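Shown next as structure tokens: one chain only, the form predicted on its own.
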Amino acid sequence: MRYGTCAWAVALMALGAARLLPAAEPSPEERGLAIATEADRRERGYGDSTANLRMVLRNKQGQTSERELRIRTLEVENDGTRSLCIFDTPPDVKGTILLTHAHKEADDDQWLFLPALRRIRRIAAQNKSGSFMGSEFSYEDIATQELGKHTYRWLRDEVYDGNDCYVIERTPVDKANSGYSRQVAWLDKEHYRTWKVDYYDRKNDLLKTLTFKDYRKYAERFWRATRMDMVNHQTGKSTILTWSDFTFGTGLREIDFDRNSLTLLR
């Protein structure tokens, strides 16, 4: 028998044996990353958007205060996103602006314009876990959750609020500056929409829970929750965000998110 014929026969035997073997199961880390990657893929491609936001702050005694904002967001090719949060009410914070340059992997850049002082303050990376304008959202929460900022692990499948969900764990890559040791998120299997996130502090104690409600679809493919409730389990405080008037493709440009333009924005 010639060598070539023998090798070919051995290869056929190996192929037959391989077909009999079950496919290797992905690890929890591989499965978690695949779920997060698919959720990120579905979110990409909206270009730019604007929306109005009502923020209700509630203290432990149940007293509330309200703020109204305008939100502008822009996707940047080969990078993350740019966003502006512009406060319109109440009078004591009117004109305050948060500018965020969220990068895919590098540290985010954030600046806060305080109109009373006519001053632009840079939010240092070590301060991004601080409260955003007295709310239960941190500066870290306000920035877009870029895929490369966490590692991922699938935990289980579970029904949450009537939705068949993947439950995945997100661990921040920048552990030194994040306010969280990890996050646990529930994403539905049909549209990969996030319905709930548990945030654990640096001691791995449950700190906050964010829930998403009343999703609506825009531009035939982009889902947006119109209500977000953040509850701080350690302080008893909460913040409710109510979104309205989502508009996509408004023509925003990168220059509209320039740090040097903050003092001119209205």
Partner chain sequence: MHIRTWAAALAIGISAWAVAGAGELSGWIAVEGRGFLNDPLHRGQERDNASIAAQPEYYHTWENGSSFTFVPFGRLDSADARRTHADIRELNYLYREDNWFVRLGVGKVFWGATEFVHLVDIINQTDLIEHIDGEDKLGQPMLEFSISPSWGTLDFFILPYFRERTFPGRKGRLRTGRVVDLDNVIYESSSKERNLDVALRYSNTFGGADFGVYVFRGTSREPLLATPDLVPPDLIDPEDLDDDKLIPFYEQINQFGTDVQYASGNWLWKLEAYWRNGYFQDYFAATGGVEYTFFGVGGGNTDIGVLTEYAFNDRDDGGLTIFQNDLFLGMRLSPNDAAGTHLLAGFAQDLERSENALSVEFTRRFGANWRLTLDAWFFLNTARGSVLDELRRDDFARLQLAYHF
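Residue numbers count along the first chain shown, from 1. A quick note: this is a predicted structure, and the numbers were derived from the prediction, not measured. Rigid core here is just the name for the largest C-alpha set that superposes within 1.5 Å across the two forms.
Unshown form predicted together with the partner chain; subsequent notes refer to it.
Interface residue among 157, 105, 190, 92 relative to the partner chain in the model of the complex, by the heavy atom within 4.5 Å criterion: 92. The contact residue chosen from 145, 81, 181, 131 relative to the partner chain in the model of the complex is 131, the criterion being a non-hydrogen atom within 4.5 angstroms.
For residue 109, a non-hydrogen atom is located within 4.5 Å of the partner chain in the model of the complex, even though that partner is not displayed.
Using a 4.5 angstroms limit between non-hydrogen atoms, residue 85 is distant from the partner chain in the model of the complex. Remark: residue 57 counts among the residues lining the partner chain in the model of the complex, judged by a heavy atom distance of 4.5 Å or less. Proximity of residue 120 to the partner chain in the model of the complex: non-hydrogen atoms within 4.5 Å are present. Taken together, 33, 37 and 173 are entirely out of contact with the partner chain in the model of the complex: none brings a heavy atom within 4.5 Å. Of the stretches 145-153, 163-171, 181-189, 109-117, only 109-117 has residues with a heavy atom within 4.5 Å of the partner chain in the model of the complex. For the stretch 43-72, the set of residues having any non-hydrogen atom within 4.5 angstroms of the partner chain in the model of the complex comprises 57, 65, 67, in sequence order.
Superposed on the core, the two forms differ at residue 109: its CA moves 2 Å or more between this form and the one not shown.
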